[in-house]
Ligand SMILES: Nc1ncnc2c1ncn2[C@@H]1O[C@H](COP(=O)(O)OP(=O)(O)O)[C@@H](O)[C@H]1O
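Presented below, as structure tokens, is a lone chain in the form predicted on its own.
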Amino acid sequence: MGNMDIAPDLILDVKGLTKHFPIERGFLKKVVGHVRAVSDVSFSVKKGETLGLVGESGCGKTTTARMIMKAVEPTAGSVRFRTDQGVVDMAKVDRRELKAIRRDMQMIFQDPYSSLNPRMTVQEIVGEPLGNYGYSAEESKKRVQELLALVGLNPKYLSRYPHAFSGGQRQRLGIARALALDPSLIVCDEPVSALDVSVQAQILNLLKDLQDELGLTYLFIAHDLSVIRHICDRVAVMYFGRIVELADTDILFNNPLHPYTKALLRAVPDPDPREEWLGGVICGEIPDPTKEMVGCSFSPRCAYVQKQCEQICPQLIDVATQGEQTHQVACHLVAEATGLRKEA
């Protein structure tokens, strides 16, 4: 399992992750093209941190998460994950090895209602992972009660069904289920986007408290920038299947460099009525994912586009490094302004 070591402070290291979904036609299911959902995505997650993955709908966030979880087979790339037994490449691991790794890697889903079986009780829902890993009925019941108390639910709710809970309570059940086997990494796929704003804050604070208490690491997927700013240590901005900017949260929000990141931040309304809205509408259309893109994927919508942007795909480069803080961006104009090579 462990001949592919990664830096000791990392729990996840993703390199060149790519997913092309085949387009099939006819009775014989002939492949006539591909949908390029994720293209050459690379990032790492340190132990105990929260990395945010942000971007508009359809940019490839959830597909990236599902490849990390081995729910979707990647077309190319590696997903090196640190387990108790060593470092394993999730892109290459087979189904027999997957069960042991599942203990260390869990997921919280977007819709707390559809992710819970309506015909199962709380004990069955939260205790199902425990039964799969050899817990007795008595051990499972005791552990589920502990988990319910941990996420702020009454341990007496064991025999209730999901319909008896509010949206926020159902998401707490989802969190309890994810915590059942003491994972080290939790992938949160827009865990608060289906909840009321007041409940969102409660769930976010719960996640932060659990992280401090249990030493958890989060990959947090969202499209709400205010949520990302509240909970994440670093942020990776995705557009059209690629990461276009990656930086510490404060650096990204105070000094965005990529034109797409700037447009995302301008689109967030300021609650102060005295502030003038500067506008954040991005013109143009998203490129066709079934056609191979030459050059920068944002170039058809970018106000600063130049000839090289349409001919050469920019790579993520480090534009500033201060101690452990780094700022990476994929933009020719930024590379020129900082004196860095475009191909670096």
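Counting begins at 1, following the sequence as shown. Keep in mind it's a predicted model, so treat the numbers as computed, not measured.
Although not depicted, the form predicted in complex with the ligand is the subject of the following passage.
I need the one stretch from 297 to 305, 311 to 319, 50 to 58, 25 to 33 whose residues put non-hydrogen atoms within 4.5 angstroms of the ligand in the predicted bound form.
Careful reading of the contacts points to 50 to 58.
Quick one: does residue 45 come within 4.5 Å of the ligand in the predicted bound form, counting heavy atoms only?
Judged by the heavy-atom cut-off of 4.5 Å, residue 45 is well away from the ligand in the predicted bound form.
Using 4.5 Å between non-hydrogen atoms, is residue 41 touching the ligand in the predicted bound form?
Flag for residue 41 set to no.
When the contact criterion is heavy atoms within 4.5 Å, does residue 37 count as touching the ligand in the predicted bound form?
Heavy-atom contact with the ligand at 4.5 Å: present for residue 37.
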